[in-house]
Structure formats: C-alpha cells, structure tokens
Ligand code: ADP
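We begin with a single chain expressed as structure tokens, specifically the form predicted on its own.
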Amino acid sequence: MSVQPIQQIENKKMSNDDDESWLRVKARLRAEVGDDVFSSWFARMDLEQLSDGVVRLSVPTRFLKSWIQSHYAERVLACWQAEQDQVGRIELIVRSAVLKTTMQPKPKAELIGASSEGARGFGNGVGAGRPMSAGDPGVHEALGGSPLDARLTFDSFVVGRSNTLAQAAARQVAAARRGDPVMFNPLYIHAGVGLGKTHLLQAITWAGNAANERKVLYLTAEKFMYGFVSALRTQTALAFKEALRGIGVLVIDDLQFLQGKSTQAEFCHTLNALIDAGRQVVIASDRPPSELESLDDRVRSRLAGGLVVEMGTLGEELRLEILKARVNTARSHTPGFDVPLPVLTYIAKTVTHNGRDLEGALNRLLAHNKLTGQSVTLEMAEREVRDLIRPQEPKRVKIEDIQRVVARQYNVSRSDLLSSRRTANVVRPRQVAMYLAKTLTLRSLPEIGRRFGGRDHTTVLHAVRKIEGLVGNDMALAEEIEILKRQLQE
C-alpha cells in the first residue's frame, strides 16, 4: 500500500456505483475483522477516488494511516478485489492536519475539501471549494480537533428511555454560555458500542461552536495521544499543554483507548487544570470510570466525581424510531426510496445489537433498491440482514452486584465482605464472592482485590483456588454457587 500524506485533499466526484461498491467493501471488511476492530480503525476511512484500478482512501490521522498500512493493507486490498477484480492498488492518504500545538485557526481564505467522518450514505459531505464557516467540520479540524460528522447533531439524535438523561445533560452543556457556572464537571457518558455516545459528543461540539460562546474541541483519545507524542517529539509539549488548557469545552471520545503512562499523566493534569479553572470537560467511554483499570486511581476518582451517565441498550420502540428517522434522511438524498412499516418493524425486532447494525441493515436495503430497482419487501429484508441477527448476549455482571447478592444469600452486609474481619461467617462468603467475580467478570485479580477492600491479588487467587477445590467435593456449596450464578445472570 503506497502512502501519500497530505494536509488537505479535494473531494472527487464519484459515481453512485463507486459509492455502492465502497458500502459493500466496508460491509465485507466489517464481517472479516469484527465490529470492534472495524469501529476502532476503519469507521473514519473515506473513499476519495476510484480510477484506473487505483482506489484512493483517506483517514483523519497519520497514526491511523500508519497502523492500517502496517496491519491491514493486504486485507483492505483483498476486500476491494473481491468487489472489483480490476483494482490493483490502494493509496492511503491523510485528509487533515495533525493536532496543532498552537491551536490557531488556519487563514479564512483556505478551502475545505476533506469529507467528514461517515458523510456518505445517509449524510451530507462538505463540499469542496467552499470557504470556511462556523458550521463546517473543517473549521473544527483546523483548530486541531478530530473530524466531525455533519449528521451527528441534536436534531438527528433520537431520544428514548435509555438515553434521555444523557441527551438532557449534553444539551445543558452545549447551551451553557461563557461565564455560566458549570453544573457538573466532568460529564462522563458511558455505553456499549453503537449506542450513541459519539453522536452526543459531536452534537455538543456542533452546537457549542455554532453559538460562538465557548471554543469546543472534540478529540478522540487516539488524537490526544498522537498530539501529545508529536509535541514531545518536536519539543513543543509546553505549547501543546497551554493550548489544550485554553479550550472552553474539551470533549474526549473513546477514553478507554488512552494508553501510556506519560500520556495518561498529561491527560490527568489537563483534566485537573480545566476543571479547577471552571472549564467544561465531557468524556465518553465504553465502561464506567471504576472499570478503566489502565488509568491511574486519581484519574478514575476525578472522573467519578462528576456526573456519570450510562446510556442503556436500545429498546425495540427506540430502534423503530431510529429506523424511521434514518429512512426520512435517506429519502431526502434518494427520492423514491421507501421501506414499508412491516419491514422496519421486523428489523427493529430482530436487529438488536446496536445502532450501527440498524444503519447497516438500512444501508443494505438502500443499496439493493438502487442497484436492482426492486422495491423493498419483507422477504428482501429477511435475506439481506440475516447475518446482523445475533443471539442475545448474556447480562454483564458487575462486582457490586456479586457483592450484594452474596451478602444477601449469606446474611452478612456488603461492608462485612469489604472489611478485614476474619470470622468464619464472613470469610467463606467473601471467598465465594471473589470466586464469582473471577468467573463471571473480565476483571483482573488486582482489580478484584481493589474492589474487596484493597486486598492483594494473591488473596483473591487463594480464595478462587479454595472455592474451586471445595466445589468438587461439597455438593451443597456447588449448588449454592449455581443458584448465585443464576440470580446474577437473570
């Protein structure tokens, strides 16, 4: 894969066939590497040009370009060749500048040509040759932020029972004016993949910058890391720090990907400096602060000290409303596209994993309709989305739930389990709870020990081995543990 780093690129006019091919290539790539890998490395890859057997793709950062080139170059090429066998080469380019250490905007005369993340399909791209304006994603990117998707605004966010509080808190942050007291800081939103975290964070950025009250900067954890490392390499770390701390509202997405002791330390200092100065910080992650085991205890504590909001899974009613909204958006770009209500109801009922799967299902129907001219039917939907129908995932068990259920079962208090008491009526329940924490969660031994009153990981290991040994010989204990497991997984 040849690489051509650039600071700005012009959008190329492509045929609808090229766009449809790109949709199918992305679907093929997602199926091969899985949702998590695709979301991490390929979600922000755009098709720029396809001509003479050469596919030109763009990504927002050099880090992404380098990683994809090193690890997935042949796979991306193979996916394209499976779609169009005349493709012989992939060119990967960087469509926006790296994080600027001065955070100063580019001259207003510059033109924006980079397309925003995911702007094709249901959304609108940013047209080439237009001057910068406050509403363009390019303005934000020129300030050093990660790319924004023009579709991800509050107007396009569908509200349901699972996300009402998160949406209300995000709107409150976006509507705040310069000098207003900060109600909750930081605002920390966590949810699984595809449930709307990024949508809300980018909506805050769009609305906040449009109001011209406070400068809002949206960064992925990856962009923060890359900017900090680049600043260290060029010996401009001080300017980088000062620029970040001058932001009115700092929005950090995908915090779970923040790696490296020095980067985490700088993030902690930046977080403290902004909060102490009364600046707003908004953060999103796929787990609550207490489960970010790679982060320092001080960072977790500071994150937990703000407003922590969980966005739950999408209920069937909310999934149906999301599908209806997406169809209306698609219809504005593809007149005549229509999906009957029974088809939408079927998709809402069967495609339950996340919002990205819903959009993927609708993309397939749109592509089939445009390429074949056939109307969308229930039979077509059943055929096209069958691989998106996944078995129901087991409930995610939390250590706090284990402690609560075990304490109730053995008639002790949760504080007893966390205490240093060594009486028999407390030791056995504590060992059972540690054993369940190890077998029913993905938490490490040190993390489990920390959650049980700050115990050493060797204590947890001893408890796990003790219960494992007893279960094989004590049928009553084995039955008790099975009952506890069923209660926790119901």
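Values in this document were obtained by computation on a predicted structure and should not be read as measured data. The numbering used is simple: start at 1 and walk along the sequence shown.
Keep in mind that the form predicted together with adenosine-5'-diphosphate is not shown, yet the notes after this line are about it.
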| item | value |
| --- | --- |
| Of G194, G306, G208, P289, the one that lies within 4.5 Å of adenosine-5'-diphosphate in the model of the complex (heavy atoms) | G194 |
| The unique member of N185, T352, T198, Q403 whose heavy atoms fall within 4.5 Å of adenosine-5'-diphosphate in the model of the complex | T198 |
| Contact label in the model of the complex: V158 to adenosine-5'-diphosphate, heavy atom within 4.5 Å | yes |
| 4.5 Å heavy atom contact, E359 to adenosine-5'-diphosphate in the model of the complex | yes |
| Any non-hydrogen atom of V173 within 4.5 angstroms of adenosine-5'-diphosphate in the model of the complex | no |
| Partner proximity in the model of the complex: T220 to adenosine-5'-diphosphate, non-hydrogen atom cutoff 4.5 Å | no |
| One stretch from 341-349, 158-166, 269-277, 416-424 that, in the model of the complex, holds residues within 4.5 Å of adenosine-5'-diphosphate by heavy atom | 158-166 |
| Partner contacts in the model of the complex for 289-314 (non-hydrogen atom within 4.5 angstroms of adenosine-5'-diphosphate) | L314 |
